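Only one chain comes next, encoded as structure tokens, the form predicted on its own.
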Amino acid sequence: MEQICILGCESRGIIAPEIYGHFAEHIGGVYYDGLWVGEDSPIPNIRGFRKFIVDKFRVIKPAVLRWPGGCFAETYNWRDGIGPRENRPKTVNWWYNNDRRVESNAVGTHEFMDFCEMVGAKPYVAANITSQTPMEMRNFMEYLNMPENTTTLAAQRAENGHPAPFDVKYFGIGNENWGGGGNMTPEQYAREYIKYATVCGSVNVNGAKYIACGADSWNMDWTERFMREFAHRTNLWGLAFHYYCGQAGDPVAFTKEEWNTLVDRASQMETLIERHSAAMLAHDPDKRVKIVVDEWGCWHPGGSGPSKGYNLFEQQSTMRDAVIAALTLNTFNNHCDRIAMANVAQLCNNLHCLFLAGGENAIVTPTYHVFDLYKEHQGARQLESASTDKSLSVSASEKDGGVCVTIANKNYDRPVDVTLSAFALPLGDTAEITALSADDPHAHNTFENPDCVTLSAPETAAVKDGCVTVSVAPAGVTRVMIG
């Protein structure tokens, strides 16, 4: 019997709800025909967005949603997405050379903000600094956030149906500027960041937080050089890096060795956080700048999703993806003193998604169920934990007198029985145990079998002598709620 001990006297702080963030770029089938079907569609919708997704997404308490890119932001003109839909231009999408799709701009600023309001998420806008001037970002912020009846752009917002400001709190100043966002050096990008943040200062009327483009995964040199050049010259809340754990074998028909390879790569998120944090400390010893993981997840070869390759970068999601999502969220919880936001990529029909949709069909993936299990951590006080089995990923938190423990079993085919106890933390008399597991690690949901992988019904277990026994299935995820 393995042991997990929760340490009630040791905590890294509050788990920011924004750690449970999401990303919805205009790419492939994320919006058309994923999230968006249009008001006139026979598919049940709420003001054009799929009702199934709106209802399900709201359940998991999405804290933040990043938009419109990603790389799509590099050439996005926000003015194309406002005003009457029939007057909006069709434009070449950033990804046109990959899938020959054009952008209808049917989903623009007002539609996106409406979706955020429907599901309870805070909007996070990735601003285009690659192909537009600082004045255009400033104007976009003015349109979004200036009080009613103050400026011409605020009046235009009212004419387009939203007199009150949108009160956007998060702005990314650029995206992947080391690559498609201009192929800049860290020093060059730092200077661009300083320029844009400075120009936008006069319209930052609501204390909005700015997020700078950080490194591509392991490039700590970018982090250190950006921080050195930036030298706190202007407003900066967070520095974002991206990490995709890559691919190992077929998205569905992977081997045990390929399972282990990808799970090991995902587990390196902890090392990444520690190394980027260390690179920042020389120029930010007080840790004023937060770490944001703007994009994370698995990136399998495309074509395994229900569109059979029509939707760019669409992939099927199995229990392997669920376990990777779980261990990644555990890592973020356990580094909540440094991680202030993270956004899984992406929400629908793309990469490590929570939803797959097309036509009248829409389903949740196993990854969705992980976010459902983990939502109780949001806003809770993180608790340190210790496990005798290193193949288990664990995080714990307490809120309102209750304790939430989430456990991911990284073993492909070995269950683990655990005795869960606490030090300097009184536990209640009973525990509620909910599991996400399947008989086969390759299990996944399809349009034909949408509930192949789903959460178990909660089971009640007694807490005896301060301990509760839990069995964690192979390739499974378990949540224990006590108190």
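Each residue number is its position in the shown sequence, starting from 1. Every value quoted in this text rests on a predicted model; they were computed, and no experiment measured them.
Below, we turn to the form predicted together with a small molecule, even though it does not appear here.
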Subject >> Partner contact for W95 in the model of the complex: the small molecule, 4.5 angstroms, heavy atom >> reply: yes
Original post:
Can any non-hydrogen atom of N175 be found within 4.5 angstroms of the small molecule in the model of the complex?
Top reply: yes
Original post:
With the cut-off set at 4.5 Å between non-hydrogen atoms, does L239 touch the small molecule in the model of the complex?
Top reply: no
Original post:
Can E111 be called a contact residue for the small molecule in the model of the complex at 4.5 Å between heavy atoms?
Top reply: no
Original post:
in the model of the complex, does each residue in the set G70, E295 and L351 place a non-hydrogen atom within 4.5 angstroms of the small molecule?
Top reply: yes
Original post:
If contact means any heavy atom within 4.5 Å, which of 457-465, 5-13, 471-479, 21-29 contacts the small molecule in the model of the complex?
Top reply: 21-29
**OP:** Identify, from the list S395, T367, Q315, Q346, the residue with a heavy atom within 4.5 Å of the small molecule in the model of the complex.
**Re:** Q346
